[in-house]
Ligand SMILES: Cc1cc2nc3c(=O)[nH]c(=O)nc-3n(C[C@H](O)[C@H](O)[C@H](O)COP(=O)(O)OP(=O)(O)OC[C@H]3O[C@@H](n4cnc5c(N)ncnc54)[C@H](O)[C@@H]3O)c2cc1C
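The chain below stands alone, shown as structure tokens; this is the form predicted alone.
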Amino acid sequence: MATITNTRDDTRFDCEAGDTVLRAALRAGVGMPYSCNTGSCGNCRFDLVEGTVSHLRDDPPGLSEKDRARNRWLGCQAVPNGDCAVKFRAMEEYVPIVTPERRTAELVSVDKITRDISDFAFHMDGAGDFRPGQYALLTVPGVEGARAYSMSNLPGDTWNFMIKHAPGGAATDWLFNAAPGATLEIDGPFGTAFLREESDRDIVLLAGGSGLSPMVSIALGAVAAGLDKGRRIHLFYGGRETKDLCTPDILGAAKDKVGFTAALSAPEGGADWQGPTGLVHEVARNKMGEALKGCDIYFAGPAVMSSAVQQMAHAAGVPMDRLFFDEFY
């Protein structure tokens, strides 16, 4: 076990063998900034003052050559080789509400949702808490590196994940060929784009592809907390063709309490599609109108969608502190 010292405020925390600086900090209740947890966003960069670390990924997108020259590393990828001194600014908003834990989980069921998205249910011993909208890291047997997937249900001893099959992707190939009884490691929860129950504003949820998973969890959490009694909840889901569609049934008993709109960006010729056509954020903007700027907006999907949603929200007059998302790119 290594001891990590943050020279910025002289705090210390332990890091178990094989764990990363970021995840050790979060387990210790230290608010190290982060988002994706997979080396892509760069939000968890830190200065290495003393000691040595090794990166899980040799060439993570979130670290530039300039960073390397300055002896900067990524907290989510850096595994200490011994005691280290680092420097980063801890922030209160990143202190976990629920302490992340590593557990062994067993696959109990797989339910197909669209042509390439299925809902995977994993059972763990003991109740597992998280906040709707958060994600976990799944370590698939025989596959190097953990993958981040968002939960689609409410907390309990079974965590569900709506996962999109990426052809040729080692992790999703394993998952989509796994049978009930298969086991893997789940580490979590992580993420800061979770449901804010204390807000009194209406909720707009925008989902593209497997970004559906955290949006469903937030919708279920909002209904479970009784927020539908004083606030409107809108879920917009965007797919490309009719094979990408899902129905309000994914919300279970909450489907009558959440407004659900599916949109197609490129419906195939001859398709009998009567719903809205266009990118999901455009459909939401057109349907919500001026009311959008008075809402809390949660969203998840491809990087290009995230950028487009932020631009749309800015143009609509939505304050940035009412946008909630994790950067997985």
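Numbers for residues come from their place in the sequence shown, where the first is 1. In this text the structure is predicted, and so the values were computed from the model without any measurement.
Another form, the form predicted together with the named molecule, is not on view; read the next lines as being about it.
Between 199 to 207, 232 to 240, 147 to 155, 216 to 224, the stretch whose residues reach within 4.5 angstroms of the named molecule in the predicted bound form through a non-hydrogen atom is 147 to 155. The named molecule in the predicted bound form comes within 4.5 Å of a heavy atom belonging to R57. Proximity of S265 to the named molecule in the predicted bound form: non-hydrogen atoms within 4.5 Å are absent; the residue sits far from the partner. In the predicted bound form, I163 approaches the named molecule with a heavy atom inside 4.5 Å. Proximity of A171 to the named molecule in the predicted bound form: non-hydrogen atoms within 4.5 Å are present. Y135 is the sole member of W159, Y135, F194, F88 with a non-hydrogen atom lying within 4.5 angstroms of the named molecule in the predicted bound form. The contact residue chosen from C36, C295, V283, V53 relative to the named molecule in the predicted bound form is C36, the criterion being a non-hydrogen atom within 4.5 angstroms.
Residues are counted as partner-facing when one of their heavy atoms sits within 4.5 Å of the named molecule in the predicted bound form; in 301 to 327 these are D326, E327, in sequence order.
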